[in-house]
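Given as structure tokens, the chain that follows is alone and in the form predicted alone.
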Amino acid sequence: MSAAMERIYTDYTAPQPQNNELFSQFKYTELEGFDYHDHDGTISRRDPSKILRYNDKYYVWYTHRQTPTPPQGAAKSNDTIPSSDWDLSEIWYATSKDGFTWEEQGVAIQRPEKPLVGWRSVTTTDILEWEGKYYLYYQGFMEASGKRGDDCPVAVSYADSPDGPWTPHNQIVIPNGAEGEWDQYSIHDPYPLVHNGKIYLYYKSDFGEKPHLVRMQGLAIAEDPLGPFTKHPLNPVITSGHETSLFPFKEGVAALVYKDGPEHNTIQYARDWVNFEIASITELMPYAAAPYVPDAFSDTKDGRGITWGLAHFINVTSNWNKFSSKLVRFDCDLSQDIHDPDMKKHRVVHQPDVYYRQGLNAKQRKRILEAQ
């Protein structure tokens, strides 16, 4: 039996994608309720958290930048000019009755005074509910992004309600690794779930330095939301992906592995929450997916999966001088509780303009013509 023939029955839950519960297409919808100043680059919203439901409303937290100018790069940045789309940012939140129309509520986590963690920027947050309290984990920048890598260890604030007020812990809860360790340069995208009575916090880091970064995902575990967190000895646990987006599924955990690495555009699964295998391959995955995960914090032994969430589109005008990002809704069928045949179609026909937008640049066209 060929290797391909063997793995179609051993590596996937079904030989046909439409019968695989961890395969889906993704549908996208414009959100109502957010103003972007005509995308002039001065307002950006990106990197949403998981969606939380509380008092019959959905809550989401996200990176919010509102600056006098668009990003100008590290060399031109100062106390008011951002170096990057996520520089000089705070964490804001919004609520919704239906997940389509949102009402912005304002700032949740402000930048603290220098030299506290996050004085330069607080970004890329995610939410944990634990024993009646709420915790926001986020990246705390101590310098403008791009000046010396991305110096932004994980910090946390806590509250009695999703509406705050939020009390900063003012300590690093997950530090960068020691010199020579795989995560010595950065720890990004903290993403907590509850499993076996503990907090499983997945995060992104990089082997190597630019331009030879190899992005992977690690895991740190704690019995208390404020730590200490112990990094798993098998880290990294996922060898591709950018933002980490995971959800309990059956007895294990599934991960949306988008962008970066040889296993990008895959949905992966770890029955033991550590050793991930590819469950399916898909396309047009949500960028910085932030799903609604009803059982994220219930310590479930039968995760039901996800059907929708938020994500972001970056540089929405394709104008690098007016760089900004926007929040968007995605829908899918990665759930045990629904079966949507339209979401399971694996022969999706895209309109020609989708392909033409991936056309040759001027340099490529010149090279081809000169080679004839």
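Start at 1 and count along the sequence shown; that's the residue number. Here the structure is a predicted model, which is why all the values come from computation and not from measurement.
Form predicted together with a further copy of the same chain: not shown, discussed below.
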Proximity of residue 35 to a further copy of the same chain in the model of the complex, heavy atoms at 4.5 Å: no
Contact flag, residue 145 vs a further copy of the same chain in the model of the complex, heavy atom cut 4.5 Å: no
Residue 140 within 4.5 Å of a further copy of the same chain in the model of the complex, heavy atoms: no
Contact test in the model of the complex: residue 282 vs a further copy of the same chain, heavy atoms, 4.5 Å: yes
Check all three, 54, 166 and 250, heavy atom within 4.5 Å of a further copy of the same chain in the model of the complex: no
Region of this chain that lies against a further copy of the same chain in the model of the complex, out of 73-81, 114-122, 153-161, 266-274 [heavy atom, 4.5 Å]: 266-274
Listed residue that, although a further copy of the same chain is not shown, lies within 4.5 Å of it in the model of the complex (heavy atoms), from 214, 107, 226, 172: 214
In the model of the complex: members of 20-59 within 4.5 Å of a further copy of the same chain, any heavy atom: 23, 26, 27, 28, 29, 30, 58
